[in-house]
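One chain comes next, on its own, written out as structure tokens in the form predicted alone.
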């Protein structure tokens, strides 16, 4: 793999992503807005510990916004206009294209994490010792899982369909992800469904890592790992480089 070419492509994609105002709103402002709004409003019963509940959920929300919505929509339109086909035929190659997109997503997520954790600290949250170290592989697994979903949509649907479905799925997973509203307060059927989805698995696992008072949910970690394996495999198998 041509590493300099991959790095150059990743920088170019990062600049393009930053310049898209709608992407900035989804990837940066919405997670921060959810954090500040629900912390100040105190609209959810979190046993008097809103930040301990919200910070892991907002990190999971940021991963979804970047790795599923932004990546999926951008890739869908690149596929529609033949950009992917042209890039794949260059010395960068198709593996290089995918590697560059992965680096772009990770770069945005690092910036998101800094902003979210910085805002949470200003609001009074304290980073637990060792919690961030444990959270990193969980975020990586969540990124792989939801990026696989985004690329599956982008590689099999028309660009307009990817746009609508990605945004719609984002809203559904926001509601069923245990990010801003506790899963146990959902109707029993919805709670059971939510526990099988990657968003809830990621937010629950991150809450265990970042809140020492929360016990570990082995089932959430297992669900997250299953999605991290299954979604990319499905995307790789069904992805078509031309619309």
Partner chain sequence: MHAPQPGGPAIEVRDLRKRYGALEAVRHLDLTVDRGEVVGLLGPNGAGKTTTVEILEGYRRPDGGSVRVLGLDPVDDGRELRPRIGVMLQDGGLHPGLRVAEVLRCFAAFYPDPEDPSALLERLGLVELRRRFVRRLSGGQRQRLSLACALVGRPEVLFLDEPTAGMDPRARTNTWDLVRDLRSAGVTVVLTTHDMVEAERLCDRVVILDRGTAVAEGSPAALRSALSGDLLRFRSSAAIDTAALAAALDLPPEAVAEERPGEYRVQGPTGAALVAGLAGWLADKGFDLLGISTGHATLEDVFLRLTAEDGEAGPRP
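What you see is a predicted model; the values in this text were computed from it and never measured. Numbering follows the first chain given and starts at 1.
Same protein, other form: the form predicted together with its partner chain, not shown, and the subject of what follows.
Peer 1: For the chain seen here without its partner, which of 109 to 117, 157 to 165, 135 to 143, 77 to 85 has a heavy atom within 4.5 Å of its partner chain in the predicted complex?
Peer 2: It is 77 to 85 that comes within 4.5 Å of the partner.
Peer 1: Can you tell me whether residue 8 touches its partner chain? I mean in the predicted complex, with a 4.5 angstroms heavy atom cut-off.
Peer 2: Yes, residue 8 is a contact residue.
Peer 1: I'd like to know if residue 131 sits close to its partner chain in the predicted complex, meaning any non-hydrogen atom pair within 4.5 angstroms.
Peer 2: Residue-level check for residue 131: no, no contact with its partner chain.
Peer 1: Mark residue 124 yes when one of its heavy atoms lies within 4.5 Å of a heavy atom of its partner chain in the predicted complex, and no otherwise.
Peer 2: Close contact is absent here: in the predicted complex, residue 124 is far from its partner chain, nothing within 4.5 Å, heavy atoms only.
Peer 1: Residue 229: heavy atom within 4.5 Å of its partner chain in the predicted complex?
Peer 2: Residue 229: no, not in contact with its partner chain in the predicted complex.
Peer 1: Answer with one of 25, 222, 18, 12: the residue that has a non-hydrogen atom within 4.5 Å of its partner chain in the predicted complex.
Peer 2: Here the answer is residue option 12.
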